[in-house]
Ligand SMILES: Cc1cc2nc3c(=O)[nH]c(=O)nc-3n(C[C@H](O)[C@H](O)[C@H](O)COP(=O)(O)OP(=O)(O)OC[C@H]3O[C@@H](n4cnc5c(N)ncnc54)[C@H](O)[C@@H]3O)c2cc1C
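A single chain comes next, written as structure tokens; it is the form predicted alone.
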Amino acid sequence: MAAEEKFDVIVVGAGLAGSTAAYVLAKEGLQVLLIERGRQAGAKNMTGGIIYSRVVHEVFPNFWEEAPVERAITSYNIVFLGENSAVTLNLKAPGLGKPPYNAFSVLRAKFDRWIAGKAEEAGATLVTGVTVDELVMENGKVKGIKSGSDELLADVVIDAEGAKSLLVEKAGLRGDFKPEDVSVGVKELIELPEETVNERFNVGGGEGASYTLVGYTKGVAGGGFLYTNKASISLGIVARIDMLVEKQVKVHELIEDYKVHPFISKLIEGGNVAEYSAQIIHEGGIAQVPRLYSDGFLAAGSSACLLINNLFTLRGMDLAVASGAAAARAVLKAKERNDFSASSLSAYESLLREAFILTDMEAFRRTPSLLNNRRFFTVYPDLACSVMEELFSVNPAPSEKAFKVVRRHMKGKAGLLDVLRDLLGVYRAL
């Protein structure tokens, strides 16, 4: 890179948000530099996950015809894990496995390379293996970036570097995170033959299953997930960092416990661990979203803490695509006025609302505080399993009605008033 080279836009981070922004801008003829600190796009992202299709389809029509997607998700499961049993809520919807689809499992290393490639095809310049150290500031305005001895200038810098990015802080848009607002996610990619995945998860060719796992986390606030890929399984766990410290539990211990649980061990039996990765995840919801723009600067994707947890789904990847597209459109509007001030770039927030990102995050603003309730990770999963196990068992003793069974198992764990309060909390959160 040449020192003091000038671009219309510099995008930091070739993940979903950054590459989408670069793609939209380059298509409109702007000179775009897309910078990635990894050796290639996707190299620094956790492998595996679910991407919801609607937003991606709007930016990349019929993307599934060429993108490296794994499986169309047609089976959704919420699993409450007890010590040796599990209670599952299951939705099977074959219709979701047809165009335009609802969601796909993807491997980020492959999928991110594809979107970065689309940005290059549109005319963006992709540079990998480069770390952005500082922002170039002039009278409080962002004018470019610094990488080593190189200084690169642009009308606008879009930060899409991810959850650990410091550029948003350097731009003066946020301070430090609170420990309770940050979790660590770990994930293993477990290889299994495609035929084994189809048979074990009762899915047809090209169809997949997702599992949200609740409980069995040693009292740590968090949960697990399992997604089927073509010839592998993504198994992981997300746990609050402050509670890991409080409980003196290491996150890798939690995923090892998962792997020997009777419910999970049968699903991954015979598999080989091909990859292990870790990632910081923001858990504060809409309250954690920083100011999104300043003079010459925009934050998108995980850099902007854009994540929706509505208890049933965890959405981050489609929000990254949507925010990248919205950031690009805000820059295009500013370009028309030749005004890249914060006032001009504030159109970005309106575009995020039009895409229902901030609107949806506000709708589920109570979810983060709800997830602070430890009973949801300890008492209730065990209670669901023990009650259901007894109700389905036949014993040489008089049978009790279900309500009495529930009350007996609740004794010493949660009072009726606690349960009613928690149900009210769930109602308000949803």
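Residue numbers here begin at 1 and follow the sequence given. Please read these numbers as outputs of a predicted model, since none were measured by experiment.
Heads up, the form predicted together with this ligand isn't pictured, but that's what we're talking about next.
- Taking Val220, Val197, Val238, Ile357 one by one, only a single residue has any non-hydrogen atom within 4.5 Å of this ligand in the predicted bound form, and it is Val238.
- A heavy atom within 4.5 Å of this ligand in the predicted bound form is found for one listed residue only; from Gly162, Gly296, Gly271, Gly285, this is Gly162.
- Partner contact region in the predicted bound form: 123-131, out of 344-352, 287-295, 258-266, 123-131, criterion any non-hydrogen atom within 4.5 Å of this ligand.
- Using a 4.5 angstroms limit between non-hydrogen atoms, Ile10 is distant from this ligand in the predicted bound form.
- Although the partner is absent from this view, Ala119 stays clear of this ligand in the predicted bound form, with no non-hydrogen atom inside 4.5 angstroms.
- In the predicted bound form, this ligand lies within 4.5 Å of some heavy atom of Gly301.
- With a 4.5 Å cutoff on heavy atoms, Gly185 counts as touching this ligand in the predicted bound form.
- Residues Arg315, Gly316, Met317, Asp318, Ala320 of 315-332 are found to place at least one heavy atom within 4.5 Å of this ligand in the predicted bound form.
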